[in-house]
Ligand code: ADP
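First, one chain by itself in structure tokens, the form predicted alone.
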């Protein structure tokens, strides 16, 4: 069965077509600048040449229509008709407390996703638009929602509650939710496969490090803590997001510079992180490896914050069997992995294999045979994780 995986952003749409039985990628692509001048679609059939063209897209329904046309194109497509697509898996950013696993989409499910729009105002509305566009263009094809937050719903109360009046949790469900759940799920399961041990018997820390970054603690097959919170702003220093700060900073800057809460939140989301620490040098970690004082300052702060989260999760689980690095930075920056492990995690008995660690983007154990704690690099595959969960529900 072919599964179409859809990931809708506010003005973009990523897609992959995956053969669920073989788990092989059939095609992938991206629609950009939806609703904006200069919109374009990129389509890459497996084994074929990338096709990129500029075409008007007024909305996500137009984008979905163009995706389906590309997939079924007589000359460059990968399926003869839409009947060869058995289901659609939709990445949904926020499921609140309503969803602890993927679910077949129904009117009630869409209503519950809509209720979470306050928690993810940039993402959930776009996710709903994508669902409804697919429903209109692919009537009768099963639709499945796979939630970024679902994997973290196993956290115990002491991990997800904030130390604010409990009534705010009761009234507004203000709590830690966590994100990047499909990535943490995929990588932690893959780690168990590589270690050759039962998933339910392991203590695993997953470091999803990229422009957006998060860490999770997975104990005996369940997530018990994660760094992102009510929103993706909490936790690690990221590309442009501040991560953890003293909340009083918001009031302090607002008073000093006569800015609104909204303006401060924009600064924390879009002008902070390594971009802010590097004094505007770049939010791209590759650019920060230029040897400059500003770039080095940002990278060292990022490594320290990541190591501190790893240490706290070792404490939360009373030990760790494996630490996994994934996503753009985690998979491709041996320097950051080395900084984190060698400078801060010696107490875990980690011994890096220098040659293995300097490989980029490969699935590999980067520790020596006698390392007491294993460190694994595992390229994430969120789309495959979505396809697997979709297939499990509709096959």
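Note that the structure is predicted; figures quoted are calculated from it, not measured. Numbering follows the first chain given and starts at 1.
The next section is about a form of this same protein that is not shown, the form predicted together with the named molecule.
- Taking the partner from elsewhere, residue 296 is found to have every heavy atom lying beyond 4.5 Å of the named molecule in the model of the complex.
- The closest non-hydrogen atom of residue 135 lies beyond 4.5 Å of the named molecule in the model of the complex.
- Under a 4.5 angstroms non-hydrogen atom cutoff, the named molecule in the model of the complex has residue 332 among its neighbouring residues.
- Within this chain, residue 327 lines the site of the named molecule in the model of the complex, having a heavy atom no more than 4.5 Å away.
- Of the stretches 127-135, 281-289, 263-271, 248-256, only 281-289 has residues with a heavy atom within 4.5 Å of the named molecule in the model of the complex.
- In summary, among the residues 154, 220, 211, 312, the only one with a non-hydrogen atom within 4.5 Å of the named molecule in the model of the complex is 211.
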